[in-house]
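Only one chain is given next, in structure tokens, and it is the form predicted on its own.
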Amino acid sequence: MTNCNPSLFTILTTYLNFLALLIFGHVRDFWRTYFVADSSSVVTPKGYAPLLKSFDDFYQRRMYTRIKDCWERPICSRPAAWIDIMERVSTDFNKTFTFTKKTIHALNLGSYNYLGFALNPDHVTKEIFNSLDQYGIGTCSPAGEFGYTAVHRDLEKEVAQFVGKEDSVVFSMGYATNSTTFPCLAGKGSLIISDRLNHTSIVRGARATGAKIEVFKHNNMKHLEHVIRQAIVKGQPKTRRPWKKIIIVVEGIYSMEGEMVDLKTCVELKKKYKCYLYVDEAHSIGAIGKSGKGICEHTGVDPADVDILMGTFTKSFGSVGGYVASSKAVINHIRRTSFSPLYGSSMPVACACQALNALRVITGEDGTNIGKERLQALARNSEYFLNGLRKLGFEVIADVGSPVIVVMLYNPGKMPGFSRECLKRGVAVVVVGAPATDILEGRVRFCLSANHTIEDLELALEKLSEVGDLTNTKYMKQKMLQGQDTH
């Protein structure tokens, strides 16, 4: 993270909070191991090694379960600007939940509904129903067999045109787009240089290659150049031979930070040291840039200077799956070697139809101005909300223009309090903490949508201000007051 600066008091109280949780958790485990049976614990047979990772099991039972009610809240409506959340209660400290048959109508600030395609234009919905009539619900087959249709072909062709590449291949799952593509691109003797805060799908995919992996400080181009230079000088471990290839991997918008990559400098470095550049545009494609073409358009970079562009249809397009776009040679190689198109069922045709028609709305090929208007609304909402949070005194780390806006909470005890108090006031938010972030970097992540109105955002800011005062999380306001006191 580039803009995070907690006070010493915040750091100490955060560590003490985690320490208290660990101590009480282990005391409870000791008590229930020797005195009281506990159905939540997995008993290891005598003479056997533990089947589960011990700390993962402990974390789930003794730490996550305490605040489990803040996640996995089921909804019974479309994930649009406003949602209906099914109310539930627990009488066993969140081990199980019971539904009350009531709903909570809440402002949705947590869904990846950037361009508002959770509420489709009528002509898009009509096309999807037509595809269901023609092709059915699922393909039940990989793309390499009988799971590839004219809709998939059109989607790949139009995605490639949209992002400025020769060809593209679509995947049925966004996570698998990264995790099954990297093994096709790198192997033993290759070097992958990855941003420290890259998504776990990139991390898993890179580890599956067998290549050497180096990590550079988040969005720190000086450190990236240092890592590249050291790698070139030292060569491969043991043999010191030159690397077969070096691939730099970054994200357009970092999903847990709301920060954008310094793409221009990345391109300069990749040209200077003859590396390849892989950009994950899961959160930037369709969300930033004048015409929604993502980080390349937003930063003024020629897509030809980026070797591989990856994106998903689960955010701005209101569908599922993802794509990889590159040269025809690279895409043909991925089609022949990636596990996903070879062995996994292809994207359901209705979902491919949704992504295709959403893309046509964004580009205006549907004959309307809906896409243009939604892009403008998203940019307006993102800037308005970002400025509003900063004026209230929250510590915000997102870049201007990003639909993902992050407010720091730090202390793990403040995450559930913030989430629950927001829900009481009719605002649905997503809080995130360790292990999804560093231990000191608990936060609330807001996702803006073109469906939001200024009135919605004004209401949200009013309620968030109340919660911020209640939970004492307006850290920038506190720093300003402390600065005035010192003078």
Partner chain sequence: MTAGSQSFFNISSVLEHLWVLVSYEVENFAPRVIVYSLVLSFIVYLFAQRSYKPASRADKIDKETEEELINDFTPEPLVPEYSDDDGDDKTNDIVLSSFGATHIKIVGKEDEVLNFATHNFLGVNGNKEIVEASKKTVEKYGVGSCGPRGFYGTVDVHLDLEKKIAQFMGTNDSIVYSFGWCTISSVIPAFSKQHDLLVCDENCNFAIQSGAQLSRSKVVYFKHNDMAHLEQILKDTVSKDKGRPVVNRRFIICQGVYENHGDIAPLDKIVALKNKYCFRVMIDDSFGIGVLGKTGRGTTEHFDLPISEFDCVCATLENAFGTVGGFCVGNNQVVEHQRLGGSAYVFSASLPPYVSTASIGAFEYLERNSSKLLLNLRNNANHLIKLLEKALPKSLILEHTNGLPIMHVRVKKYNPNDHHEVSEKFARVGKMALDKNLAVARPQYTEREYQKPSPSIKIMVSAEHSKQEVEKCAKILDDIFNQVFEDK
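Residue numbers count along the first chain shown, from 1. Quantities reported herein were computed from a predicted structural model and do not represent experimental measurements.
Although not depicted, the form predicted together with the partner chain is the subject of the following passage.
- For the chain shown alone, R240 is a contact residue for the partner chain in the predicted complex, at least one non-hydrogen atom being within 4.5 angstroms.
- Although the partner is absent here, V215 sits far enough away that none of its heavy atoms falls within 4.5 Å of the partner chain in the predicted complex.
- Contact check for S194: every heavy atom lies farther than 4.5 Å from the partner chain in the predicted complex.
- Within this chain, I439 is remote from the site of the partner chain in the predicted complex, having no heavy atom within 4.5 Å.
- Scanning T139, T299, N219, S168 against the partner chain in the predicted complex with a 4.5 Å heavy atom cut-off leaves one residue, T139.
- Contact with the partner chain in the predicted complex, judged by any heavy atom within 4.5 Å, is made by just one of A304, V400, V233, V89: V233.
- Remark: of stretches 385 to 393, 260 to 268, 361 to 369, 78 to 86, the one touching the partner chain in the predicted complex is 78 to 86 (heavy atom within 4.5 Å).
- Residues of 299 to 314 lying near the partner chain in the predicted complex, listed in sequence order, are D307, I308, T314, the criterion being any heavy atom within 4.5 Å.
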